[in-house]
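One chain is shown next in structure tokens, namely the form predicted alone.
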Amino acid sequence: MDDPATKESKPVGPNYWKVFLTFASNSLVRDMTFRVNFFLQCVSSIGWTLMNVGFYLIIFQYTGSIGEDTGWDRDKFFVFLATTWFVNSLVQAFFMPNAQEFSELIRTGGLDFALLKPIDTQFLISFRRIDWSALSNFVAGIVIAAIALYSLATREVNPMIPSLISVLLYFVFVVCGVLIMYSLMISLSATSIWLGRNQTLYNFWFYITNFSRYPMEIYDRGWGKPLYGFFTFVIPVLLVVNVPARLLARPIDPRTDWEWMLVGWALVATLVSLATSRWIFKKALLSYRSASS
């Protein structure tokens, strides 16, 4: 039988879920303190979404699909676009503000205090602030997806209703896409410890993630093949939207062996990305020197 004194002195680990809810609550209170600013940020995000939708509607006035023989016609591409909005809004809401502040924590010495907290530093750095206004694009994505799926289900030629397994796989791979993007972002943020400031690398993040916003088939020809291979197998941003979108926008059967291999690779790439980003973050912390030193 354990000694009561020993049981009382046993350290209790932090409840990460409660910590996350506290961060979320504090962020919401902070956002609501400046309600007009919050409202304008939501309006700005929705406006950007409407401009993108309008732009692609204009594009589809001149062509039947994005890329010749790719199968991404208007309705299917808008499912793709909605998936882009889901992934990007989640990344921008939960991870982007924290990644942007990480180099500031290093410069001001705030990271010293983060390291002293009895909680995983990567968790603390990743979730301490949430930008609730970025989730307005998530709502916009729901509207775009609902309209596109309704149009797919009711059109006269080749109507399609996603199966239950398609929907379930879709949610799984949207989460995988968010995790891949998070891994890339936290890895780039960690380099701030070595570089002091990495604004250029943030720009680099935006440049390469632009490739994830279009169907991967458009890169699979000519001089686009090196980009196709690099952003599928080395920095797998092409998997982030393409895999979940094609699971929802196209019938689950028949599928080619290549498509199922791509689905399997997306799972592997997610695990490898998370493990690699964790290794980079811990390696960077070992090189950290206090701002006062």
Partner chain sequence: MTVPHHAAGLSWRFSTWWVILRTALEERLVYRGDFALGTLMRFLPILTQIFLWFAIFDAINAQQGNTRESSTAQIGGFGFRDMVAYYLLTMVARAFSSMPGLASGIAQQIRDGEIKRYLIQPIDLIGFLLLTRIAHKLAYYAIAVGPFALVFFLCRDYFVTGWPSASVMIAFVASLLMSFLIGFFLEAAIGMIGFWFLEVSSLLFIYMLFSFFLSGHMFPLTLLPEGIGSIVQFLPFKYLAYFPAAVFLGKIPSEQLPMEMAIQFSWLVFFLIVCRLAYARGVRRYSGFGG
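Numbering follows the first chain given and starts at 1. Source: prediction; values computed, not measured.
Heads up, the form predicted together with the partner chain isn't pictured, but that's what we're talking about next.
Using a 4.5 Å cut-off to the partner chain in the model of the complex, each of 59, 68 and 221 places a heavy atom inside that distance. Shown without its partner, this chain lists 150, 171, 123, 204 as candidates; in the model of the complex, only 204 has a non-hydrogen atom within 4.5 angstroms of the partner chain. Exactly one listed residue, out of 94, 211, 182, 138, brings a non-hydrogen atom to within 4.5 Å of the partner chain in the model of the complex: 211.
Across the options 48 to 56, 22 to 30, 243 to 251, 256 to 264, residues that bring heavy atoms within 4.5 Å of the partner chain in the model of the complex belong to 48 to 56. In the model of the complex, the partner chain sits within 4.5 Å of a heavy atom of residue 43. Of the heavy atoms in residue 227, some are within 4.5 Å of the partner chain in the model of the complex.
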